[in-house]
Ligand code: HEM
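In structure tokens, one chain follows: the form predicted alone.
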């Protein structure tokens, strides 16, 4: 089975385009949150009952929120095209995609109806129950297809991306209709996971997928697999803490102490926002130290590999240092619009590279210990 089908240059370029637009969407969402524009329209998916509300181009706040919604719709269409391109190779498969899209549209519509119901709690609960039941259909289809069909990796991942982008839209809608900061945090964090899936699609659709893994000794690859997985999870935890700060505390920064919190290295945890701020700082230090530890360990054993793993981790360390400077600048500038948004975008870059590091580690191939530069004719073992 060809895991990277379809391996056309056009498909790979298109998958990278989807990744780029997703970056733009996530950044736009960050800007919307920074300007506290997420609730400027009380309805969803329309804005003031219109696909093109009057005056939205004239003022920053409605412009950010409505353009964020338009970008989200564009990403949804692009992911649908991506899946159809990867999967549809016969009329029967085309019909299956049409039926899948219809189920997703109906499910989305029922969630919208639940969000629009603001007076009858029983009716809202009924809509939500029906919507959740309908949502099990495409999820079940994906799980069954993933296991029972001879799908390529790209087909599996594009199907997963299609369901994830629909789920992300539902989270965004519930954030608006239910006026919920909890759904706002889920919406922001789920976007990061969706972004990682898009990156994996772009990687797997490339012609060099078989050789994308790191090369090194058995011990070195074991280190990169374990460390890369833990490191990616640690960064994701850091992003969750950052999302909680941004959505649960919107007026400035809860404390203006750059290195300590409320004048203490370990503050009291009576105030949840102060606790999250402290944990966000503490986790940032942990991420930096963990990355430095991996980089040093890879550097000292560089003769056992081609050095790609160390170079990538060194780049990540540099971005983490820049991220810490940006974080301190956010505090020092009281959440400057541009500084805060670059902080969010740089955090996304760190997650993306850490995820790529972990994927390359798990795709790694080893050589006998002590053999340097395996690309120069050394036979690789499976």
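Please read all numbers here as calculations on a predicted model, not as lab measurements. Residue numbers count along the first chain shown, from 1.
Same protein, other form: the form predicted in complex with protoporphyrin IX containing FE, not shown, and the subject of what follows.
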Residues in which of 143 to 151, 231 to 239, 96 to 104, 200 to 208 have heavy atoms within 4.5 Å of protoporphyrin IX containing FE in the predicted bound form? 231 to 239
Quick one: in the predicted bound form, does every one of 44, 194 and 284 get a heavy atom within 4.5 Å of protoporphyrin IX containing FE? yes
Note which of 312, 131, 169, 227 lies within 4.5 Å of protoporphyrin IX containing FE in the predicted bound form, where distance is taken over heavy atoms; exactly one does. 169
Taking protoporphyrin IX containing FE in the predicted bound form as the reference, which of 72, 223, 295, 275 has a non-hydrogen atom within 4.5 Å? 72
Can residue 62 be called a contact residue for protoporphyrin IX containing FE in the predicted bound form at 4.5 Å between heavy atoms? no
Would residue 137 show up as a contact with protoporphyrin IX containing FE in the predicted bound form if we use heavy atoms at 4.5 Å? no
is_contact(residue 156, protoporphyrin IX containing FE) in the predicted bound form, heavy atom dist at most 4.5 Å: no
Check whether residue 30 has any heavy atom within 4.5 Å of a heavy atom of protoporphyrin IX containing FE in the predicted bound form, and answer yes or no. yes
Going through 310 to 335, which residues have a heavy atom within 4.5 Å of protoporphyrin IX containing FE in the predicted bound form? Please give them in sequence order. 320, 323, 324, 327, 328, 330, 331, 335
